[in-house]
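Take a look at this one chain, the form predicted alone, written out in structure tokens.
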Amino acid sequence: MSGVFAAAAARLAERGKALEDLMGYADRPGIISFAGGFPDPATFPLETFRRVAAAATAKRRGFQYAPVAGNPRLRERVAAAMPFPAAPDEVVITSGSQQGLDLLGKILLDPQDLVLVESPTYLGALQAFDPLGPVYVTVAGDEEGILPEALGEALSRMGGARPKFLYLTPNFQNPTGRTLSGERRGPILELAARYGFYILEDNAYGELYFRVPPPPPLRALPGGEERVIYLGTFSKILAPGLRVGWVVAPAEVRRAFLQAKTAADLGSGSLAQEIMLGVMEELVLADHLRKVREFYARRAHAMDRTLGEVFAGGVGVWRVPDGGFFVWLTLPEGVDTSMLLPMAVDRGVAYVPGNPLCPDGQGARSARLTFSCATEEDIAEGGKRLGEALRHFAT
């Protein structure tokens, strides 16, 4: 039967198998999961959703096809909320930002095309791009994101070949939690203009800052409207179940994107868009976001406190993020977090091993820990269990 499937299916399955196994671990009874990158349901504005959903389901238009680019009024709302000038016609509503990644891969990539990525990077982006058969070129970075000089060196080594795009999650990155510094954003955009490639700026977490907002997006910088394809989503700040995201792209990309979206689904679900529009019109988003930021900041500090108690003295290295959902933990030489995971699960805690998130294969000692969906008590207990697993691994 394997001969029935396309080569793309095999490429997709290779990375997807690790995630399937992980979700199987995390769903076991009694497991404290630091694995799934989910928002906590306690942050969902349920009363607002109930009122808005009742009104939306009383109207026929929520059950009819929407324009492929999305509900015009929702596009107006999204455009007005962007941290850069954007017209409604520049916005395409997607079924979550993940669909944006999938369709952008389809319209931009041919087999063996070069794609520049951070390492580690968002697993879902790799899964979206893998079926197209790209060659990933990793760019070195540090706690302030990728290094412009490292990007320049990677481009020089290509010997005249041109990458199709650089994929970035610049704010509170999934999986490391780091943020690309404002000083580096301009030089990175200048390299994109000089070498003629796009930047996919995936900003799923930018509104979830704990103290100060992140630097202006690359799309907001001079020349960004020509080189940057910007992806956003309501999944992390309101609720993921409606699957409403968006893409803001240069005109030539947007035209091809709309053709691909027509083929994929003829437009995202009308009812979900009507509900999200109603929420945007009724909810005071600034007040909601302030509460959500405070909620996740407490979880982040609890994770930092727990790791300080369990992995102090050089046993582990991490940095508490300034926003988002994630901490990147690196353990001592000789530890393989993929091999450690079954021992951790036996003790009742799960996480994401680093290797599947690193196209350069350098993530064996690292793990992504998600604090967003675990209570402070579970964070403390889960950290203890992880420490026990590490001590067992070392013996």
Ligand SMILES: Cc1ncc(COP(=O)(O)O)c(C=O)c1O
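This structure is a prediction, so every number in the text was calculated from the model and none was measured. Throughout, we count residues from 1 along the sequence that is shown.
Same protein, other form: the form predicted together with this ligand, not shown, and the subject of what follows.
Residue 202, heavy atom within 4.5 angstroms of this ligand in the model of the complex:
Taking the distances in the model of the complex, the answer for residue 202 is yes, it comes within 4.5 Å of this ligand.
Heavy atom to heavy atom, is residue 96 within 4.5 Å of this ligand in the model of the complex?
Flag for residue 96 set to yes.
Test of understanding: in the model of the complex, would residue 122 fall inside 4.5 Å of this ligand by heavy atoms?
Contact with this ligand, yes.
Since only the chain is shown here, I'm wondering whether residue 299 would be in contact with this ligand in the model of the complex (any heavy atom pair within 4.5 Å).
No, residue 299 stays farther than 4.5 Å from this ligand in the model of the complex.
Contact assignment for this ligand in the model of the complex, among 236, 178, 219, 185, heavy atom within 4.5 Å:
When this ligand is considered in the model of the complex, the option within 4.5 Å is 236.
Within 4.5 Å of this ligand in the model of the complex, heavy atoms considered, which of 243, 164, 288, 254?
Going through each option in turn, the one that passes is 243.
At 4.5 Å between heavy atoms, only one of the stretches 136-144, 164-172, 77-85, 186-194 reaches this ligand in the model of the complex; which one is it?
Residues of 164-172 come within 4.5 Å of the partner.
Residues in 54-80 with any heavy atom within 4.5 Å of this ligand in the model of the complex
The stretch 54-80, when checked against this ligand in the model of the complex, contributes no residue at the 4.5 Å heavy-atom cut-off.
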